[in-house]
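Just the one chain here, the form predicted on its own, laid out as structure tokens.
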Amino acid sequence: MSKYFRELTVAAALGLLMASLAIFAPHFFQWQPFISRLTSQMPALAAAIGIALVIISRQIDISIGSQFGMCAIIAGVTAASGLPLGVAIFAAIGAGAAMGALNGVLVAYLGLPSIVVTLATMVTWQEALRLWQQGRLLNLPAGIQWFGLSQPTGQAIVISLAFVLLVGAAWGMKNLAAGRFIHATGTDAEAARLAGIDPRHTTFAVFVLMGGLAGLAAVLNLVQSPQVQPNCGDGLELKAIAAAVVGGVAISGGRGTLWGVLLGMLLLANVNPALTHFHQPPYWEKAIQGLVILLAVVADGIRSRKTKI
């Protein structure tokens, strides 16, 4: 039970929030608005899965927002050129993986701090997008939004893809050797090396996977709108990191579950809609989210100290 204490705590907080809404604002659960809110969070879920893997491996990636924006524009330009949507999806995921590989080489093989590397690449991709698009919206051709299907069907596909990704990644982290390598590297890289695991290869692979997931997240966002904004990824890094940390991923690495990431994301994402339905000023959202994140970090610090003692 104590192993999943954070996840259970977040689940209880989310359950309490949902119960309060069910009692005092039942219209919050009207089907179409509820599904639309859930669908809009699926790109962030895909990105949060990637950032959780990076943090578990004891690294950080704050460039995911700019990677997301770059991948969205690349996918949009590819689709606008007349190529099939499948090619645009492949281009977005491939571009994301390539940007992740650059981060991985600099961090894993050159030994540079991940916070510095990803800060530099974040600014690089942001400025590249600004020069490329100059703030212009990119109009998408017909047939891209909702995969060319009806909105309900497209929403069902987006939600299903995100949850299949979550289930597969959670299963892999628990049952595959790659998942154990990530946990071992984050817990103690030297001990992992002595056990026959190459922390460099693991770190590199995690950054590549993070980039690929940023590309997939961009696609899941792309199909929800007839246009692509160059700044569509702004703030995504904070949103994804917050969801991971609140969901129980230890910022010190080596510990965390992807199911907790889902719970953390849902809790934080529902703060603003809850305030709206409770007729409270929306500017409280950031304060409440900040308090939740602070409590999560403090709890993680206390737990780490107890473990050392």
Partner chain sequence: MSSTRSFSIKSLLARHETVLVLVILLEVLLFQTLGKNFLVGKNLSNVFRHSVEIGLLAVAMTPVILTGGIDLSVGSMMGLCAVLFGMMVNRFGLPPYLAGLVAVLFGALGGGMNAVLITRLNLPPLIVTLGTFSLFRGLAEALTKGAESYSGFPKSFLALGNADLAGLPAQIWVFFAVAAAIWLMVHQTTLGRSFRAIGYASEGARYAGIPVARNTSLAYIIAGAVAGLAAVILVARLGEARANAGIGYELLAITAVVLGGVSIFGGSGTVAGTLLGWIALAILNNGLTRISDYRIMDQPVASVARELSGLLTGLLLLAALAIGATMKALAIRRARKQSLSKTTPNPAIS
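Numbering follows the first chain given and starts at 1. Keep in mind that this is a model prediction, so the values were computed, not measured.
Below: the form predicted together with its partner chain, not depicted.
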Is it the case that Pro113, Val123 and Gln289 all touch its partner chain in the model of the complex, with a non-hydrogen atom of each within 4.5 angstroms?
yes
Heavy atoms within 4.5 Å of its partner chain in the model of the complex: which stretch in 88 to 96, 214 to 222, 140 to 148, 233 to 241 meets that?
233 to 241
Using a 4.5 angstroms cut-off on non-hydrogen atoms, would Ala274 count as touching its partner chain in the model of the complex?
no
Given that the partner is absent here, does Leu119 sit within 4.5 Å of its partner chain in the model of the complex, heavy atoms only?
yes
Contact with its partner chain in the model of the complex for Leu165, defined as at least one heavy atom pair within 4.5 Å: yes or no?
no
Does Ile293 make contact with its partner chain in the model of the complex, using a 4.5 Å heavy atom cut-off?
yes
Between Val297, Met18, Ala25, Ala11, only one gets a heavy atom within 4.5 angstroms of its partner chain in the model of the complex; which residue is that?
Val297
Any residue of 120 to 145 with a heavy atom within 4.5 Å of its partner chain in the model of the complex counts; write them all down in order.
Ala120, Thr121, Met122, Val123, Thr124, Glu127, Ala128, Arg130, Leu131, Trp132, Gln134
